[in-house]
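There is one chain below, alone, in structure tokens, taken in the form predicted on its own.
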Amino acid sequence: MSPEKGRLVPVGVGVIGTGGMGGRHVRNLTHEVAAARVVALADVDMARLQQVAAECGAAHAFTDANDLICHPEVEAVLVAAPDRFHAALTQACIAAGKPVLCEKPLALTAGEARQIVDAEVGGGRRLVQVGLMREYDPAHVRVRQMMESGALGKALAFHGTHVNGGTLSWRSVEDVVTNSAVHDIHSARWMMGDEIVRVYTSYAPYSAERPETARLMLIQLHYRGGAVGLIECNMEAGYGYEVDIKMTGETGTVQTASLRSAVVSRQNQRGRWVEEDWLQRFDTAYLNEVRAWIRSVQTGAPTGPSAWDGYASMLVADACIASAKSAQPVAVEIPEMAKMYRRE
């Protein structure tokens, strides 16, 4: 991990969770990131664990994630386990002094996320990067660059759409916010460069008999600087996966063009193919994310979404859930950021 004769030594990485998301990270690290070596894997599914280990050449396989974190050959950890394990595993990485890329959400509640922030600040250095990978999506980056250029004047509004195409029936309000909308919440903060101070959440349940579920959710946002925003999450659109944002400035607008397929005109019809899921839509973002993370581990210069970003997003998420349950606007109070998290 440290420089050796003018070059940077590849990082020994341990990956916790080898399912769809973890498997994608393993393949990217193995085949696309020369500066990384996947040396260990952990999963409770032994058959899948052995299969992925054989594919990537990992020498060590564990059913206990803590054994992976403590292994001496593991220099950095990628957490892609189910959401409910994120906070405890990230805390274990901090305690072991090992850099960690934790998939979103950082924790299931803002309180849990704050404990991670406090542990990291107490240790005196940044070890945590959160997998809010839209910061690495070229389409999102281009929109942010346009707003930062000043060509459109001050940002007045953020509009994000998040469309899932498959059958994801009976997702609870809490799950939709913490597992899906948390990405959009981070985008709403990052894109605007401002904090959210008030939210109002409304939603359509899957059925009148299941009022605790949310098939489609709308989240209204109000920012500290006076701007406004809207996040729309459709959990079962039935046609494909789309994520788009639109920014409105004083003198114009800019938005993503997420569909990358060709426009086909045939038999009196014109259309485009829509990605099936997030692994297809954000394939480049996931690759850019792990490349940047590994580089930060090698150089000791943290980058990307921090534990503080994960915490702030969960403060907003908790307010969104409270608003959905009360059918009232809810204020968001984000405390002053610790100095170590300030981006230059």
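Just so it is clear, the structure is predicted and the values come from calculations on it, not from any experiment. Start at 1 with the first residue shown and count on from there.
Same protein, other form: the form predicted together with a small molecule, not shown, and the subject of what follows.
Segments offered: 244-252, 206-214, 257-265, 132-140. Contacting the small molecule in the predicted bound form at heavy atom distances within 4.5 Å is 132-140. For a residue to qualify, one of its non-hydrogen atoms must sit within 4.5 Å of the small molecule in the predicted bound form; none of Trp190, Asn288 and Ser306 qualifies. Distance criterion of 4.5 Å from any heavy atom to the small molecule in the predicted bound form singles out Arg171 from the list His71, Arg171, Arg126, Lys98. Comment: the small molecule is not present in this chain, but in the predicted bound form one of His159, His183, Arg114, Arg144 has a heavy atom within 4.5 Å of it, namely His183.
In the predicted bound form, none of the heavy atoms of Gln91 sits within 4.5 Å of a heavy atom of the small molecule. Heavy atoms of Phe62 never reach within 4.5 Å of the small molecule in the predicted bound form, leaving it off the interface.
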